[in-house]
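Below you'll find only one chain, the form predicted on its own, shown as structure tokens.
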Amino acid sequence: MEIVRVSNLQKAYGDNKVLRGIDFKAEAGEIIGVIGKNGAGKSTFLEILMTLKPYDDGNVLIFDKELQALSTSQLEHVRKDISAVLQPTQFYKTLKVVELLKLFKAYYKSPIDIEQIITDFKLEPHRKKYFDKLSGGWKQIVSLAIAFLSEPKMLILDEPTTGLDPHMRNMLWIYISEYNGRTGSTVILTTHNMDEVELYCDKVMLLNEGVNEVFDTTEAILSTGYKSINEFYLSKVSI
């Protein structure tokens, strides 16, 4: 099942052409890594997929609906099936973890049991801690748990493991992979960690100066002679 189809996507800020004809497709159940240097257009691309930012030209179909053809109420309906974890993580500083989960459960009208979420994400030792007092890693874990409450068909992650130690990175990826496998949801993420792309992503899109220079499976990329996705990345991106 096709979740996203993007054709000739273009976006500029004044004279600065950030996206210059992007083609992209995501199927249900895929984990897709979007890579490229800072300023390559990754965040703008994700913001368009989240329906947060308009685009200048091209077509963006999400759940088989062209975004620019939708009314405000129709866009809201599409957004109900999309969740995101962005950088930097910010939530209400005066709320405890369990209070945040209850708040978002009510907002999403989620049938998911809060206690099950706390168990699944190993949040019991942190349930009564204020979100602002958590480490960066646990903030990301809580943010991911909140994103899962809406049972999204598409989960968007913007550099989800930046600044995390290896243990917390591994925990985060366990949760992402388990959710993806259990629900068949689509995960689209940006990252500068090429090892994560190689280990966990089904496909890779390399953005270079606003163009998707490569969009292929990790297996296909490595079959062309690259020893790793990191070697592939460095060979394509100029210093």
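The numbering used is simple: start at 1 and walk along the sequence shown. Model, not experiment: these values are computed from the prediction.
The discussion below concerns the form predicted in complex with a small molecule, not included here.
Student: My question is simply whether E99 lines the interface with the small molecule in the predicted bound form - judged by any non-hydrogen atom within 4.5 Å.
Tutor: Result no; E99 lies far from the small molecule in the predicted bound form.
Student: V18 near the small molecule in the predicted bound form, any heavy atom under 4.5 Å?
Tutor: It does: once the small molecule is placed as it appears in the predicted bound form, V18 has a heavy atom within 4.5 Å of it.
Student: I'd like to know if K65 sits close to the small molecule in the predicted bound form, meaning any non-hydrogen atom pair within 4.5 angstroms.
Tutor: Contact with the small molecule, no.
Student: Considering non-hydrogen atoms and a 4.5 Å limit, does the small molecule approach G41 in the predicted bound form?
Tutor: Yes - in the predicted bound form, heavy atoms of G41 and the small molecule come within 4.5 Å of each other.
Student: With the small molecule left out here, work out from 194 to 202, 31 to 39, 181 to 189, 209 to 217 which stretch has heavy atoms within 4.5 Å of it in the predicted bound form.
Tutor: It is the stretch 31 to 39.
Student: Non-hydrogen atoms within 4.5 angstroms of the small molecule in the predicted bound form: do D81, K109 and Y175 all have one?
Tutor: No, because D81, K109 and Y175 lack any heavy atom that approaches the small molecule to within 4.5 Å in the predicted bound form.
Student: Between the options D120, E159, E151, E124, which residue brings a heavy atom to within 4.5 Å of the small molecule in the predicted bound form?
Tutor: Spelling it out, the residue with a heavy atom inside the cut-off is E159.
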